[in-house]
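To begin, one chain is listed below as structure tokens, in the form predicted on its own.
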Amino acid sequence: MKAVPFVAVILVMLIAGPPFLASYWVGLLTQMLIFALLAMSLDVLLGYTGLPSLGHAGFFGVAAYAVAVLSTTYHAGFWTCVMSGILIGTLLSTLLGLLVSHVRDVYFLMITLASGMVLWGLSYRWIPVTGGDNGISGIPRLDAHAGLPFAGPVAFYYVTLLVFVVSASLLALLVSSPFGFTLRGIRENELRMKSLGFNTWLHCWVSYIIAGAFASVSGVVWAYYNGFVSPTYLDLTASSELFLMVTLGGPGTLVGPVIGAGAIVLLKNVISAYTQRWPLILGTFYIITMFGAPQGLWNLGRRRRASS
């Protein structure tokens, strides 16, 4: 509950600030919100269930590809593209969850890594559908496709903010529910939870499905924001960067991944404008943060507030 005033202040700033910002910064804030939602979806697995996934970006990319293919090749309507993207990503997480929910620790890490690389390989080699390395461009603008009466970066930002707030509220309800506390119990001691009569496999499977569903939502929004989809959104680098967002901000908090996503998106865009060696600077920043705050930036601040 101590995080509520902080979140409320940030939310007010996010609502009131964009009309007074340049379009570049509005676009940067939009990217932050999209990747913050994606990072929170991974946090359901990594932070709350204790399942470290290295293939989570696959659901993000698959949903984005669904929107791209349906809107450009088949000229499907807006809601058909949106619902299909979310449904395909969720169904994929349901099927893969049946496979990966049986294993733990490094085995879970390796299987999710392998599944993510399979999805990347399909997007790279299935050229008639995905366009291969060239990707798919020409995705219609959100305002034109959805028939909205407003257009422009600020309008798209507020649509993204609405999706983010609704999704974050649902995730907050999830992790504070009895189901969410069961996930935390599995993370801390799965054997004890089994002895108490909990079906831990089922809980892990459901958490994997939920994480994939919210990752798909962020993928749909990203497709309309970027107007272009390519295999780079499904590769190991994308999943590793997402993993970095969660661990940097603080897993198991929801607020932490938002901070981590915002920090990495900001650093990536600002530093890359001045040097091509931005991954080195980003890596250095991450190492320093892990030495000073091994549990993430948000957890460090929370410990300081508790001690004061």
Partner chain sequence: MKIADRPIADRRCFAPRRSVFVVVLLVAAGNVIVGQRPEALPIKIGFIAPLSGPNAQNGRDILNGFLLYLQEIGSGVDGRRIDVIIEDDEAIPAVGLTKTRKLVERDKVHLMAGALLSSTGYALAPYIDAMRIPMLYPVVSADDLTQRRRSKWIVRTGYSGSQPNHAFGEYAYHTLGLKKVATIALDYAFGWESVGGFQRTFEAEGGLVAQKIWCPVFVHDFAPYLAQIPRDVDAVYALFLGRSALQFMRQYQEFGLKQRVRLIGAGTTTDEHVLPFMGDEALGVVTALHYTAALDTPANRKFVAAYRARYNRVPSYYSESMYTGAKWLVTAVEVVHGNVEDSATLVDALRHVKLTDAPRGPLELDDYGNPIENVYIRRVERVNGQLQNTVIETIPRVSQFWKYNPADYLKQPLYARR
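In this text, rigid core is short for the largest set of C-alphas that superpose within 1.5 Å between two forms. Residue numbers count along the first chain shown, from 1. Just so it is clear, the structure is predicted and the values come from calculations on it, not from any experiment.
Form predicted in complex with its partner chain: not shown, discussed below.
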query: Pick from L46, L54, L70, M32: which has a non-hydrogen atom within 4.5 Å of its partner chain in the predicted complex?
result: M32
- request: Considering only heavy atoms, tell me if R125 and its partner chain come within 4.5 Å of each other in the predicted complex.
  value: yes
- prompt: Though only this chain appears here, would L11 touch its partner chain in the predicted complex if you measure heavy atom gaps against 4.5 Å?
  reply: no
Contact flag, I15 vs its partner chain in the predicted complex, heavy atom cut 4.5 Å: no
- request: Answer for S272 alone: is it within 4.5 Å of its partner chain in the predicted complex, judged on heavy atom distances?
  value: yes
- request: Have a look at 158 to 166, 224 to 232, 74 to 82, 89 to 97 and name the one stretch with heavy atoms inside 4.5 Å of its partner chain in the predicted complex.
  value: 224 to 232
- prompt: Which residues within 16 to 32 place at least one heavy atom within 4.5 Å of its partner chain in the predicted complex?
  reply: F20, L21, A22, S23, Y24, W25, L28, L29, Q31, M32
Cα displacement of P279 between this form and the one not shown reaching 2 Å, rigid core superposed: yes
